[in-house]
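A single chain comes next, written as structure tokens; it is the form predicted alone.
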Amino acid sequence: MNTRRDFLQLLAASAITLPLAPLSGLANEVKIIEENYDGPVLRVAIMGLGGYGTRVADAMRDCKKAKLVGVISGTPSKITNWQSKYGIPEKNCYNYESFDAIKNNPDIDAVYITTPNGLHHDQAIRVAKAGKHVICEKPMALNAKEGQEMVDACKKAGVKLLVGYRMHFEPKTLEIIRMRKAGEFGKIMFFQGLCGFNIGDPKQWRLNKQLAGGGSLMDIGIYAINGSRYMVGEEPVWVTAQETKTQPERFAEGVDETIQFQFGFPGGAVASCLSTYAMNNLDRFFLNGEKGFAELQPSTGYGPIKGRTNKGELTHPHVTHQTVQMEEFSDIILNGKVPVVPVDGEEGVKDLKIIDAIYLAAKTGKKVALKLG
């Protein structure tokens, strides 16, 4: 897809083939990309030009409120390729040693950090000290202490800190949240979140404790952690967890292969979740209430997300998640928009507190109390 016009034509064609369904309530909060937008534009530099950084850059081609203007990388050849591919000027290109100089570059408003987890903390603080807004992929740090330090640094610098929670803007997800808030499922009783796949290259950074901070839980388990919170609509008050490792030669000490974890919520609901690097076909959310249910499968992949409730199939058209996310981030940073589900640093710290508690529960075999308030 080369142009925004191609994108809109494809979107229109796909919408015609779908059953007509109102984008009601909260789902309407995510607008299809605006045709005639002439307001402020968020000018973004991407830090970390790997697979996900490329995905974000490609998705931003279709943005009206956000524009890719700069890059930060430790690989000169990648910088050269991105300059050519995305039309990035030389003055907006930096390496990891030099990027503090963005402080003196008025053409960059925000930096989107897509580097490995273990690098987020220091890089985000440096970006904040340079006076630029910080967008950071999840998990935003290796633990809650690091995450809070990032929040504090951004507040001190007077810049915003957002976390790449793309599912917080996904229409089917937002429709389920709307229905839950409206009481259509009744009292929420149970949530299940399953996240897993067979991981490939054993030398990749995701299996490196120093860079990843753990294993499957830090990569895909965070979707079930965060999803349980926005699907149930409460903060968990306790956690239990069990770790299983069937391939110790592949998963080193401190790099989890499979973790099952359970939450309890103040309203009485419970959650049962699984995160694994050893099984495919696991990408499912299920929410059960006294009056109805909701299911997403796939629930957190790049799309299209598929969903149904006790009232029928969810048919909202798919739009690239990263495109919608960057449009929404622009509105949050430049226009003060308040999203339906938070995407700020405080939200990220809550997930990190839960991750810390899951690892502790798995290690000790004990129920761990949570205070996220």
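Since the model is a prediction, treat every value here as computed from it, not as a measurement. From 1 onward, residues are counted along the sequence shown.
Keep in mind that the form predicted together with a small molecule is not shown, yet the notes after this line are about it.
S.K.: Which single stretch, out of 206-214, 190-198, 236-244, 148-156, brings residue heavy atoms within 4.5 Å of the small molecule in the predicted bound form?
M.R.: Stretch 206-214 is the one.
S.K.: So which of E137, D283, E184, E295 gets a non-hydrogen atom within 4.5 Å of the small molecule in the predicted bound form?
M.R.: In short, E137.
S.K.: Which residue, E257, E175, D109, D219, has a heavy atom that falls within 4.5 Å of the small molecule in the predicted bound form?
M.R.: Exactly one residue meets the criterion: D219.
S.K.: Decide yes or no: are G48, Y96 and Y223 jointly within 4.5 Å of the small molecule in the predicted bound form, with each residue judged by its heavy atoms?
M.R.: Yes, because G48, Y96 and Y223 each have a heavy atom that approaches the small molecule to within 4.5 Å in the predicted bound form.
S.K.: According to a 4.5 angstroms non-hydrogen atom cut-off, is G227 in contact with the small molecule in the predicted bound form?
M.R.: No, G227 sits far enough from the small molecule in the predicted bound form that none of its heavy atoms falls within 4.5 Å.
S.K.: Hey, in the predicted bound form, does K78 get a heavy atom within 4.5 angstroms of the small molecule?
M.R.: K78 belongs to the contact set for the small molecule.
S.K.: Is P171 part of the interface with the small molecule in the predicted bound form - any heavy atom within 4.5 Å?
M.R.: Because no heavy atom of P171 falls inside 4.5 Å of the small molecule in the predicted bound form, the answer is no.
S.K.: Would you please decide whether P116 lies within 4.5 angstroms of the small molecule in the predicted bound form, comparing each non-hydrogen atom pair?
M.R.: Yes, P116 lies within 4.5 Å of the small molecule in the predicted bound form.
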